[in-house]
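The chain below stands alone, shown as structure tokens; this is the form predicted on its own.
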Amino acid sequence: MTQLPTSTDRKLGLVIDLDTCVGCHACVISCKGWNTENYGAPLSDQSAYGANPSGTFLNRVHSYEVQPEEGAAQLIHFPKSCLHCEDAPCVTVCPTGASYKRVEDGIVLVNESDCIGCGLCAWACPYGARELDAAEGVMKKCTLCVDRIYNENLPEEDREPACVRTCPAGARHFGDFADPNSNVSKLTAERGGMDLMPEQGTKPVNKYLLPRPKDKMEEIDILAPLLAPIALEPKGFMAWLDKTLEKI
């Protein structure tokens, strides 16, 4: 069994803003593309264009309709990937030591040459963040794009996870939680970043920012004058066009 480090030099991870995520799946596509072409075995697909397609993804986006106690129902888009937990059960159950947590930055990785595809780590992960690649027979998971963030051949602005770099809404943020002055630490403090399923005791590094309430009546009242029609009756060319269309 693999032992977890007692502490790590850094705590690299993500802050995901559920208030900003629009569910476009750009993070899913960029993650699939980068991790199929670079680190480790490619992420395979089975019967991609058949009746029952399946495949391996390191990042997925789920959408839920939520009814708050007050106000209108909201559609919440929920991205999910490995949370790089401080007390990662996927690491301690691994019988070959293939799963491990790095001391230098806290990233949880899989040494695919040692992975036997037993699936114990997937059973131990309470978040469903690990997937067995059917073609390679090894366990796959988010690496925080470890081959990007330290790659000095890339421009500095590209040295962040592909999902963060690609997000058009700016809903994903990458940084060091061990640094109280980092962008992710400040966001977590200012917006009350929360752990996913804290009752599991895994101490996930990644944090989520809760969505703000939407569609309050006072907001609608303020916008109402701006939504009023400019003219009740069409005039000029628009009046002629309206009458012409009525005859068709």
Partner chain sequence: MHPAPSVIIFTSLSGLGFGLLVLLGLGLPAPTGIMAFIYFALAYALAVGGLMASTFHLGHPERAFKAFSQWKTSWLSREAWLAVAALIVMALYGAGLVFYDLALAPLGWLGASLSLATVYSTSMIYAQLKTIPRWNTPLTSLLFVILSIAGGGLLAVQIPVALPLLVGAGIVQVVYWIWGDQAFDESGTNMASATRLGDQGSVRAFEPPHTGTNYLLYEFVHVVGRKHAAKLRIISLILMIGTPVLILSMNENIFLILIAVLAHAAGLFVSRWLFFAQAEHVVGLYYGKR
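In this text the structure is predicted, and so the values were computed from the model without any measurement. Numbering follows the first chain given and starts at 1.
Not pictured, yet referred to below: the form predicted together with the partner chain.
- With the partner chain omitted here, the record of contacts in the predicted bound form names 69-77 of 145-153, 164-172, 101-109, 69-77, defined by a heavy atom within 4.5 Å.
- With a 4.5 Å cutoff on heavy atoms, Lys141 does not count as touching the partner chain in the predicted bound form; it lies far away.
- With a 4.5 Å cutoff on heavy atoms, Gly33 does not count as touching the partner chain in the predicted bound form; it lies far away.
- Looking at Thr2, you'd find a heavy atom of it within 4.5 angstroms of the partner chain in the predicted bound form.
- Taking the partner from the other structure, the partner chain in the predicted bound form has no heavy atom within 4.5 Å of any heavy atom of Arg10.
- In the predicted bound form, Thr92, Val93, Cys94, Pro95, Thr96, Gly97, Glu112, Ser113, Asp114, Cys115, Ile116, Gly117 are the residues of 92-117 with at least one heavy atom within 4.5 Å of the partner chain, listed from first to last.
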